[in-house]
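Shown below, as structure tokens, is a lone chain in the form predicted on its own; questions about how it binds or moves come after it.
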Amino acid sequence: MDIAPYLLLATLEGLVQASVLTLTALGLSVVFGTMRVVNVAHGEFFMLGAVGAWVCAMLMPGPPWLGFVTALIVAPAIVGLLAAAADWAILKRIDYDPEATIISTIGLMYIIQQVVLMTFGPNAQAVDAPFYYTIRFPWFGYSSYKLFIVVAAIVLVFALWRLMKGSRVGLLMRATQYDKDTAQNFGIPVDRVYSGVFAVGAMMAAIAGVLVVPNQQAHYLMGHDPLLLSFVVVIVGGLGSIPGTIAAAVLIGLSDGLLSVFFTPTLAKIASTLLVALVLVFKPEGLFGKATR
């Protein structure tokens, strides 16, 4: 049996999954790295992006690409505003206490789920891809839209890196991350930085949801798997480490694609769980994390 076509297909599928996972996990990692908040509602922001893409597709007449482009702009913006409002109304009120934020974001997760269920119903909704073009390989054809997801993820990761490393906003975020009290004493508006970071993290998840929904149907429970995989990525890469998050997402995405094609998706999930267990045992701070003293 010629293994080359199966290996190529598995690699392509793994890259697509790694791209979506990178965007979702980066949002979670940025929030934790700056705010030290474990956002259990992060998967629902992913789901809201997907549902928003479906709503835009229904409301926008014309070709599918028009609704898709609208969703890429509108859905993350609305989700970002919702996240900023949740930070102001909930997280700020409990002073970002680690235990209380976990309970609060669990409650926020269920509220968002039920509101979407009551508003849009329980049925999964399909969204057309913005364009259809098949790239021909020697053994099979492959969706050009899936490769677009990979390219879009690379562009967005680079944009986030530039924001964090090369802008005044990124400087304020890093200063707040290193020492919140000192940053506040120097006049940095920590509360506004926190709201902005929480919004950016949610917007990253929403963009991932918009990108993925042409490949899978949108429904109100679709945030569970991205949330769990994002936690896996953040734990393996190192809490709050952006390079670690990217490396872990690529590693887990590619291994998931390879194992799913050659074996079963269940084995891929088992392998991810074992990887987390090994990291927690031998390097609890994560592959790229720094040990605390």
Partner chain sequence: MSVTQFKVEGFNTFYGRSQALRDFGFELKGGEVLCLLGRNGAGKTTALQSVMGTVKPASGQLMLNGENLFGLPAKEIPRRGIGYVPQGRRLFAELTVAENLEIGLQTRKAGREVLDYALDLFPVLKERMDQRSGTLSGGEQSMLSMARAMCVDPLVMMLDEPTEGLMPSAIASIREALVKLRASGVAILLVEQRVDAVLPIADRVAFMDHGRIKAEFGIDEVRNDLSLLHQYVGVSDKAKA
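Note that the structure is predicted; figures quoted are calculated from it, not measured. Residue numbers count along the first chain shown, from 1.
Another form exists, predicted in complex with its partner chain; not displayed. Remarks below refer to it.
Asker: Which one of these stretches, 184-192, 206-214, 78-86, 150-158, sits within 4.5 Å of its partner chain in the model of the complex when only heavy atoms are counted?
Answerer: Stretch 184-192 is the one.
Asker: How about Y132: is it within 4.5 Å of its partner chain in the model of the complex, going by heavy atoms?
Answerer: Output for Y132 is no: heavy atoms all beyond 4.5 Å of its partner chain.
Asker: Flag D128 as yes or no: does it have a non-hydrogen atom within 4.5 angstroms of any non-hydrogen atom of its partner chain in the model of the complex?
Answerer: Looking in the model of the complex, residue contacts with its partner chain do not include D128, since no heavy atom lies within 4.5 Å.
Asker: Applying a 4.5 Å heavy atom distance criterion, does A124 contact its partner chain in the model of the complex?
Answerer: No, A124 stays farther than 4.5 Å from its partner chain in the model of the complex.
Asker: Given that its partner chain is not shown alongside this chain, does R162 nevertheless sit within 4.5 Å of it in the model of the complex, heavy atom to heavy atom?
Answerer: No.
Asker: Within 4.5 Å, heavy atoms only, which of I94, V115, I102, L171 is in contact with its partner chain in the model of the complex?
Answerer: Contact with its partner chain in the model of the complex is made by L171 alone.
Asker: Can you pick the one in M109, A175, M222, V74 that has a heavy atom within 4.5 Å of its partner chain in the model of the complex?
Answerer: Result of the distance check: A175.
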